[in-house]
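Only one chain comes next, encoded as structure tokens, the form predicted alone.
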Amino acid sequence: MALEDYRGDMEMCCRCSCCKFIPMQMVQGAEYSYACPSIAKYNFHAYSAGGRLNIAASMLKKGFNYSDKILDIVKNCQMCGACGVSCNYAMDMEVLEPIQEFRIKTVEDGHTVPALEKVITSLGNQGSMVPVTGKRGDWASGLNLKDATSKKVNVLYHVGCLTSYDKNMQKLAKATVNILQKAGVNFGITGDAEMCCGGRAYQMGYKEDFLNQAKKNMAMIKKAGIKTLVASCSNCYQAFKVLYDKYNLRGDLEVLHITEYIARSLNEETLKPSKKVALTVTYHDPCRLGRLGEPWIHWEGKKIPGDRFVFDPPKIYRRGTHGVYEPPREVLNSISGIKLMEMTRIKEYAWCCGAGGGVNESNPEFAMWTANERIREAVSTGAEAIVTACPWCEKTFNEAIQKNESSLKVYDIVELVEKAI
């Protein structure tokens, strides 16, 4: 769909500002009541979802005459989807989708950001959206893992760009491998042949680059006969499960996040945490595992003529409620010694880590500000550590903590599971 297809949704916006805050029923006080990082940071309506919809609707009518300020508004958004979840608590209208299409249109019209162009050039030239050091499969050297492209496996473990290349994050790949082996899973990797999922390119507005990666990935997966894919990166999980499905590319591929697979293994008793991990933690729901990890809903129909925004057949809206929330908590609660303290904003109303939407590359100061806000909320629970289920979240939180000399520890959930087994 294109931006024009969301004209009705954009014109539905009544500037109520619900997109800026978590729903009133969830608010526990003035602190931690914001849902959207960009409106909380820049404090001007144009930087909210409603503001972006108003601008896009106006430009549809009057023409796309871009200014530096409009482009700044479009780009300074983590595309975390919190705005749409808060709006859809009471309203039936698309919020994130037209904002995504607005971003795509700016790219198609040639209004790009040098920092993001550099990342996309790297994707085209090197197949990765993070700095490339060595070969993609070097992290697995000496582990004797199966090559899923040449050997029959039940599960493909898709590692992801950051976990493959960032030496500080490679521990997550090794922990995931250890867990799958302990659970007796017949799995493999594609090593140097693994390709970027393209999800972050889509967030940045580079739709064609995303689709190119998606088609190449699915061609390799189908050729290898892969039926189940497990991802430990939330960006990869959302790309394979939701975005590929949105564009009718996923087929019948089962896509699971590692927390879902661990929870399944715990229920089947193929994995049994036996060691105590004495730690008080709070859990951060990654945006693309939580609200944006909700399955895509395919709908075809038409708007009924008239003043009311009514569709035939009725349109079902994704409200973030069916994301992956319970499996990570089940896993944490299965580990002896872990005490879970929840933050104010959790599940579909969780605050973003700051790394999404290209903001990490184009405006790192804003990314760090967003991460610091989440860290402050985590500290308020009295937890010793913040646990997440995405390498991008862990990386961003660690960088923010190091700058502020905080004593809060950061773990990916697979690190704690590995300790427990």
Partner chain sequence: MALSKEVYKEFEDVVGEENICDDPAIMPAYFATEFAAVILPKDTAKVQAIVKLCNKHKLKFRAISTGWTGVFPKNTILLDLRRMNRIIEINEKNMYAVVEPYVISAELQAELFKRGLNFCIKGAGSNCSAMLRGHGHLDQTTSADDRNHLAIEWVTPEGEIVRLGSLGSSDEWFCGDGPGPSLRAIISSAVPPGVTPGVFTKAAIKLYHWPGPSKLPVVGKSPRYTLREIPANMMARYYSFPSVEKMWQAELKIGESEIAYELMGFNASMVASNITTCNEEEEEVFRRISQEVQGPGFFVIIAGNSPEDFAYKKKVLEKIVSDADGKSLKSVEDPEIEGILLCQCVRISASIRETFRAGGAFNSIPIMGQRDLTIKWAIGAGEAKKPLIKKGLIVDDGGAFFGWGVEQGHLGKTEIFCRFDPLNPEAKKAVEEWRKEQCARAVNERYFADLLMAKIDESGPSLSNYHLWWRKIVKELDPNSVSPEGGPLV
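Numbering follows the first chain given and starts at 1. Computed from a predicted model, the values in this text were never measured in an experiment.
Below, we turn to the form predicted in complex with its partner chain, even though it does not appear here.
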Taking 4.5 Å between heavy atoms as the contact cutoff, choose which of L340, M91, L253, L145 touches its partner chain in the predicted bound form.
M91
Contact residue in the predicted bound form, from A46, L60, A385, M368 (heavy atom within 4.5 Å of its partner chain)
A46
So if I measure heavy atom distances to its partner chain in the predicted bound form, which of the stretches 159 to 167, 324 to 332, 125 to 133, 265 to 273 falls within 4.5 Å?
324 to 332
Judged by heavy atoms and a 4.5 Å cut-off, are Y34, I39 and N54 together in contact with its partner chain in the predicted bound form?
yes
Can you work out whether S17 and its partner chain are in contact in the predicted bound form, taking contact to mean some heavy atom pair no more than 4.5 Å apart?
yes
Please determine whether K303 contacts its partner chain in the predicted bound form, using a 4.5 Å cut-off between heavy atoms.
yes
At the 4.5 Å heavy atom threshold, is L408 in contact with its partner chain in the predicted bound form?
no
Would V85 count as a contact of its partner chain in the predicted bound form, using a 4.5 angstroms cut-off between non-hydrogen atoms?
yes
Residues within 4.5 Å of its partner chain in the predicted bound form, restricted to 169 to 183 and counted by heavy atom
none
